[in-house]
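Only one chain comes next, encoded as structure tokens, the form predicted on its own.
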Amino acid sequence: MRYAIVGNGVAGINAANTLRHRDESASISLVSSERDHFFSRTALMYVACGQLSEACVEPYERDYYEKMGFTRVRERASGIDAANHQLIFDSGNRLEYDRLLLACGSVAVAPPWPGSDIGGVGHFVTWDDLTWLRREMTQAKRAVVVGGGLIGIEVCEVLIQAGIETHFLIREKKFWPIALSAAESDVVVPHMKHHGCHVHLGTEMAEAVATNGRLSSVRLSDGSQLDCDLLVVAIGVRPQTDWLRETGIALDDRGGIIVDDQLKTNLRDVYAAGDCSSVVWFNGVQRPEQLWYTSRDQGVVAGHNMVGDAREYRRGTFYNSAKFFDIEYTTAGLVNFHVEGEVDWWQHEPGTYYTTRITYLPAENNRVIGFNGLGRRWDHSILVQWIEERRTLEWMLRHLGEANFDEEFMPRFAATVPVEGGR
């Protein structure tokens, strides 16, 4: 059996591992123009900061592909000849397959304003972006980062550590509103400023201005200008599927590849997994998930189905974690999905940036459906378990310390805010 996988990321490598464990004699080709070795994309910032080497973000030894019998194909895919089971490359070469997995990931959303193609303007999503940013940082004096999400704040941290004056432009009135409440944003934003980041809330870009072909300033929507010689655009990512639009494959309105419960596309023997796949969410909406752990899980499911195992992909309870400079962030469940009838229990520990927000449903005996925590370190697996066990808010507050795994000298969590309408 000949398996081809477009994409050498977390979905692709987990699919390849699954295929090899299920079929020892199969031909498995991993197609990628980005890099020879699988790497942890979420760790790119640490390479940019110089805290980790390039090899440090590679989870496998560099002879792993040879040991597993994987064939690397350093080509850029440009189309699919579905009738003849062939993958088409920019070079004109073709690769025959019996089963094909599309795990081609995401690309940065292009900025909508003029000047996005001048020197000194770029993104921070791919390995090429890392190379670009490291080169630009050697000469940059003043940078602007646009976009109020995780990639944006990571880039700000990288630039500030490099000693570059950094301005963070956020269109919304608070930082990362799809994930944080106004009160949580009010904790994070002053912390960014404390670290030397110039945060501009409610501020929109209008144009990147060049002098002699290089970035010299940015013009804002209010007409004002900021001088800068580096602009990093972090306004989101989208599925990297433009190359598939003439193949007959079904795409959703975001460009995600529409798949069924077994991650099959509408093309025979073609599957999709990871950032580029459009799956059904808990509320019935079909769209890409674009998270590391869901990409990992989808890769495993796709691998099983490609060898004939009947496995369904079911999105588990949502969880994620990150850092805002040195503020830990943990989320689990439906804390940011605006479920009808939800209420938040909220506590901010005085004199710290430790906050806890628990979302629950009073109409269902105060059943907990979500959790957000800043500052403290939480074990998301325990939080997910409690949410799935349908624990009440009162029960969770009594036991929450069991999910806290801070160092021994950290004061243990204690709930001090009463439950509104508690029982």
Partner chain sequence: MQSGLMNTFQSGIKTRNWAAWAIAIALFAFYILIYFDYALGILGPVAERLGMGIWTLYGLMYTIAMIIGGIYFLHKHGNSRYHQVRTIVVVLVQIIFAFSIPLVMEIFDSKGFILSLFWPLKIEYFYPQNIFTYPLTLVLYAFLSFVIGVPLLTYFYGKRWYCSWVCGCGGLAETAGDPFRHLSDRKAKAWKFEQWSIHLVMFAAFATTAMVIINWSLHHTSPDGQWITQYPLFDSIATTVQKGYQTVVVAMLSGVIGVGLYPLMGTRVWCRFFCPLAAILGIIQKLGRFRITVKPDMCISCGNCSTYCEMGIDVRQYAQNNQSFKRAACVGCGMCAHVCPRGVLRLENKADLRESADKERRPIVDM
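Positions refer to the first chain, counted from 1. Just so it is clear, the structure is predicted and the values come from calculations on it, not from any experiment.
Missing here is the form predicted in complex with its partner chain; even so, the following discussion is about that form.
So, 296, 380 and 385: all three within 4.5 Å of its partner chain in the predicted complex by heavy atoms, or not? Per the other structure, all of 296, 380 and 385 touch its partner chain.
From the candidate stretches 343 to 351, 94 to 102, 319 to 327, 262 to 270, select the single one in contact with its partner chain in the predicted complex, where contact means a heavy atom within 4.5 Å. Heavy-atom contact with the partner occurs in 319 to 327.
Within 4.5 Å, heavy atoms only: does residue 29 come near its partner chain in the predicted complex? The answer is no: residue 29 has no heavy atom within 4.5 Å of its partner chain.
Taking the shortest heavy atom distance, is residue 65 within 4.5 Å of its partner chain in the predicted complex? No, no contact at 4.5 Å.
Should residue 391 be counted as a contact of its partner chain in the predicted complex, where contact means heavy atoms within 4.5 Å? Taking the distances in the predicted complex, the answer for residue 391 is yes, it comes within 4.5 Å of its partner chain.
Hey, in the predicted complex, is residue 243 touching its partner chain, heavy atoms inside 4.5 Å? Close contact is absent here: in the predicted complex, residue 243 is far from its partner chain, nothing within 4.5 Å, heavy atoms only.
At a 4.5 angstroms cut-off on non-hydrogen atoms, which residues of 54 to 73 are near its partner chain in the predicted complex? List them in order. Result: 55, 56, 57, 58, 59, 60, 61.
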